[in-house]
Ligand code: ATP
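The chain below stands alone, shown as structure tokens; this is the form predicted alone.
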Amino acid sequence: MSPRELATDVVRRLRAAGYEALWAGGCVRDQILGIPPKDYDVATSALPEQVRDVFGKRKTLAIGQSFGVITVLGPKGAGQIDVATFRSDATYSDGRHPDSVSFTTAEQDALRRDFTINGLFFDPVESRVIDYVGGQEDLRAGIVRAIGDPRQRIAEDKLRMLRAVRFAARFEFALDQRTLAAIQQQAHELVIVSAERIAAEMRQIKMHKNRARGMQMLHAARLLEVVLPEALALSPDDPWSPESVADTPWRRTLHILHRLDQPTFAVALAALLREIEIADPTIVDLPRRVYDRWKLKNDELDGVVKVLAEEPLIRRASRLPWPRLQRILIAPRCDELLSYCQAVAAVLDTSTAEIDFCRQKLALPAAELNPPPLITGEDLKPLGIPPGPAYRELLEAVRDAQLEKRIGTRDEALELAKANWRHSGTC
């Protein structure tokens, strides 16, 4: 059973038990746009306990029951379906979550949702769209519009501001003017949203192919100055299009973002931070600042730091001593580094010859590109060399000689280590 078949089966079984049931939200939007839905949600008149009665306690999870959501577990490979009772939300006193919910009709459920394009229902049995909010018209027009009063929709849940930008960028839609104005008025209140949720939205914006458009829209909505105030150093009012000249820091940034090919979040974030560090040298350790502000993963910070630090080396790779370049190429995340440098070089150098040079080197036989080290720290102990900082220097010198083919055996490596230790004057 596929996820789509499971979603249809859930609707059929709820209806057979006497309840109303429809597909809801993003899966309906994506289907209309011709995009295969990643997952399916079902909305129903059945109360949470009634949903569990239909599918059985062992086949359901009640994690979201307080908000009227029951997760129905499908057979292996089919995934799971969130089944939500039609509901109406009370006030949002924390600017993120409803204080309480009450169960209601399909129409009222649609009216409490965020944007018209997300407020659609679909009947998979009769194959028809149910639209109480004008979502189909906005999909045809390419508009992201809040349902009802935009100021109220945004005031209820501040995260909707970032979601509006993400949807508009992803689908290449425009933001409805009243919705944009409501976001601009309340942009400064985004700070009440948790760092983790902001980072999650930024990941989705930055990793989508329309990431450059997303950055433009974040600035137009006055959200960029909230999530990344350092970006103001780029003068982001400069107009940009893929055909524009990369003659300002902001345009260079967007051109590099546009050039990235399926980047990791670390690579996309590095592309955003690169010009900021150049434009404002007084900003100290910018990657760490963003890491702390968005509560990113350690692995993401490591990736940003690596590509920013090693980009200048890769862009002059053919002029580096081979052992130094070799170490960079055989280190983890080399693919991320070259992907990033490819985009930077295409924009700034109008040539990717140095990155092509690196890729040619990566095609060398493994024994030549990354031969096993001839000795390790354990081999230095019998030589009477006490453990300490000298180990690293000695091993690096031996490794350089090996990669330059000046030595090729373990004995030669040990002799070189001993000679360097004697010449260091610390023996």
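Nothing here was measured: the structure is a model prediction, and the numbers come from that model. Residues carry their position along the shown sequence, with the first being 1.
Unshown form predicted in complex with the ligand; subsequent notes refer to it.
> Quick one: is residue 157 in contact with the ligand in the predicted complex, heavy atoms, 4.5 Å cut-off?
Residue-level check for residue 157: yes, a contact with the ligand.
> Could you confirm whether residue 170 comes within 4.5 Å of the ligand in the predicted complex, counting heavy atoms only?
Answer yes; at least one heavy atom of residue 170 falls within 4.5 Å of the ligand in the predicted complex.
> Taking the ligand as it sits in the predicted complex, is residue 59 near enough to touch it, meaning that at least one heavy atom pair lies within 4.5 angstroms?
Contact with the ligand, no.
> Should residue 230 be classed as touching the ligand in the predicted complex when contacts are defined as heavy atoms within 4.5 Å?
Contact check for residue 230: no, nothing within 4.5 Å of the ligand in the predicted complex.
> Exactly one stretch in 361 to 369, 35 to 43, 387 to 395, 50 to 58 has heavy atoms within 4.5 Å of the ligand in the predicted complex; which is it?
This holds for exactly one stretch, 35 to 43.
> Counting non-hydrogen atoms within 4.5 angstroms of the ligand in the predicted complex, say which of 166, 222, 151, 258 makes the cut.
Contact with the ligand in the predicted complex is made by 166 alone.
> Name the single residue among 327, 315, 112, 203 that comes within 4.5 Å of the ligand in the predicted complex, judging by heavy atoms.
Of the candidates 327, 315, 112, 203, 112 is the one lying within 4.5 Å of the ligand in the predicted complex.
> If the criterion is a non-hydrogen atom within 4.5 angstroms, does every one of 25, 29 and 96 touch the ligand in the predicted complex?
Yes: each residue has a heavy atom within 4.5 Å of the partner.
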